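Just the one chain here, laid out as structure tokens, in the form predicted alone.
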């Protein structure tokens, strides 16, 4: 059991997501940065599907009631155990009564806490992930608060075999102040003028304070649409189209772009002019408020190659931890 002393800004329980329900309007939820989530689990001997604590902008403070092994990955939140600094991207042994404390993120936006055995909350629709918009999953369907108690599962490996594990330094990601994110243009990029379509992929965009697990709202140049008489079924705003489904990662443009993330609505009537490819959504999820983002257009084959490359790299990382 873990007792939460400080829940941070927006900390939730997340796993690999609630797939298979998109057609009924249920988004996948799940960890926003799959690389950091999976590596955290590997460090403490868990399967990648095990639930972790996802912490946005600020870490939690927690006390353990039994000896265990933990790992903190993702954004740098300067973890300490009973006041002593401990490393990130490595397994750390803690004893019953120890207090793990983490501060505000100084690089990156989301950190992950994995505990040997995983956070053992009930599955809802096949997942332990929190979806706060409807209040399901995780711990009571909400962000963590002081006084919450989180059950922990049984470790798959002996704790003594876990405590020296670490991700090789060269595989620890660096979160720069600006980042390029690859996209596939479409489904309705035909609604943009040629100038705005070019600006989407060449101009600087900055992350706004409203960016969250539902959508990453970006600020940048004005977007202009091709003039037309709106078709039957579309709203009156130039950004409206006849309702369609939104792929996860799609870029909706109610004037300024919103990249739809893990907790986003699954459909609606705004033009979606591109989709962030799956291996780059974790990159975007580590952008802090006011960080810069650039979009780069790629085709489907390039996106599939990038997905394969990312999967291979993640497998190499988890193998390196176990060796």
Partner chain sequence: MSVDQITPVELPEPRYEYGGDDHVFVELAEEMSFTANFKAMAITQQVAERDIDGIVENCPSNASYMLRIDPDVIHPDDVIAELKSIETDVSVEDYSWESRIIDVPVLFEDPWTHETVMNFRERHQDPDATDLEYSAELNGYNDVDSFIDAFVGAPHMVTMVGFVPGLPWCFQMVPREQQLEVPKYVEPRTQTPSRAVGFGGAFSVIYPVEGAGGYQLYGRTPVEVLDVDQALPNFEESMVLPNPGDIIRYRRINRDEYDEIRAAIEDGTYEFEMADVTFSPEEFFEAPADYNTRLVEGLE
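Residue numbers count along the first chain shown, from 1. None of the values given here were measured: they were computed from a predicted structure.
Only in words, not in the display: the form predicted in complex with the partner chain, which the text now covers.
Only one of the listed residues (292, 61, 278, 297) places a non-hydrogen atom within 4.5 angstroms of the partner chain in the predicted complex, and that residue is 278.
Only one of 221, 155, 186, 103 comes within 4.5 Å of the partner chain in the predicted complex through a heavy atom, and that residue is 186. Heavy atoms of residue 314 never reach within 4.5 Å of the partner chain in the predicted complex, leaving it off the interface. Put simply, residue 168 is far from the partner chain in the predicted complex: not one heavy atom of it is within 4.5 Å. Contact annotation for residue 236: at least one heavy atom lies within 4.5 Å of the partner chain in the predicted complex. In the predicted complex, no heavy atom of residue 82 sits within 4.5 Å of the partner chain. Residues placing heavy atoms within 4.5 Å of the partner chain in the predicted complex fall in a single listed stretch, namely 132-140, out of 132-140, 84-92, 197-205, 115-123. Residues of 219-256 placing a heavy atom within 4.5 Å of the partner chain in the predicted complex, in sequence order: 228, 231, 232, 233, 234, 235, 236, 240, 241, 242, 243, 244, 245, 246, 247, 248.
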